[in-house]
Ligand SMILES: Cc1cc2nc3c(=O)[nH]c(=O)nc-3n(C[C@H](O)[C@H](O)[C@H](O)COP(=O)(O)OP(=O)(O)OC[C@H]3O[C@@H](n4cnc5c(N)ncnc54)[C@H](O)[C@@H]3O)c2cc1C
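What follows is a single chain, given as structure tokens, in the form predicted on its own.
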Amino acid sequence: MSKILVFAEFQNGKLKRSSQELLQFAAKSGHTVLGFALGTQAGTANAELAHHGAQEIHFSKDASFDMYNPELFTAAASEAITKTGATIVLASASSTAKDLFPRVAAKLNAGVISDGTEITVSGDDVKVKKPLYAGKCFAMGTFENAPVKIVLMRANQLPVAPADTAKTAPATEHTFAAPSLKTIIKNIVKGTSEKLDLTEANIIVSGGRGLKEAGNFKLLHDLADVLGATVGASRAVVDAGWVPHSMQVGQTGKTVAPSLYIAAGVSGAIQHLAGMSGSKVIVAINNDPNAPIFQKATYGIVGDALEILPKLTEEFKKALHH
């Protein structure tokens, strides 16, 4: 029986959905599941790891891990993998993990596959499906002679069941040897939004140039507040300075796969489609019936987004109220 180490990430003190997905997937594999967490949040949120399937928890609540430092995290993650004897490592394909685990792989002479959308584990064999060329085709990745197999999965690709709060797991606190750092992180300035990051969101309301001006993004925020959604944007409006780059969905922004994606005034350029075509249900609103977005849409509404969005918001309010 192999050991699967799951790198856990937190947001606002809660275990991210992407980490929940990986823990629950690992729990069904028949292997021993190890939850691995770093930072002060790990000390208070460890119970969540057990609730989602971790059979052992390995953590350090050292405050030096509260801000991501690649040298510090690489040393700690490498040491944790070696100490625990894990041969499979799962992490979300977040910006942190995408920077961290190639470094870990180089240090441990391990194999790494990023941006997975499907994964199967059979014994020690791991297979990962991932998109290539902006989703135009897919490849099935495998590992050959890798002592440790590292897989970074995109969020919202695996099912999540309700947490089993009766589950518990033994926790071991580690003190990791700190390397001689070449860089020191003094401060990280974060946005003020409390909403989920786009890659984690289950519902996304996205806007494009069809909204005509930056002020009209308020219509998207109003709808998002009703649905509990996160607001995204096309590259065109980001380049125009209407919204920050953190909201951009697409090939040069964030790749998302929510259950529901509402695109308002988004024409559907290939770069945008590459970032959201994995959405389960796509609703497109555009006054051009020939807009490319309709080729990917599950439901299409031909009309002015500025007129349709307030009506959608009111109808959702009524439906959710009842």
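Predicted model only: the values in this text are computed from it and were never measured. The first residue of the sequence shown is number 1, and the count goes up from there.
From this point on, the text means the form predicted together with the named molecule, which you will not see here.
For the marked spot (236, 286 and 291), a heavy atom within 4.5 Å of the named molecule in the predicted complex is present in each of the three residues. The shortest heavy atom separation between residue 195 and the named molecule in the predicted complex exceeds 4.5 Å. Taking the partner from elsewhere, residue 305 is found to have a heavy atom lying within 4.5 Å of the named molecule in the predicted complex.
Residue contact check for residue 29: none of its heavy atoms lie within 4.5 Å of the named molecule in the predicted complex. Proximity of residue 269 to the named molecule in the predicted complex: non-hydrogen atoms within 4.5 Å are present. Residues within 4.5 angstroms of the named molecule in the predicted complex, judged by any non-hydrogen atom, belong to 203-211 and to none of the other stretches in 118-126, 203-211, 82-90, 151-159. This chain lacks the partner; the member of 96, 246, 168, 251 within 4.5 angstroms of the named molecule in the predicted complex by a non-hydrogen atom is 251.
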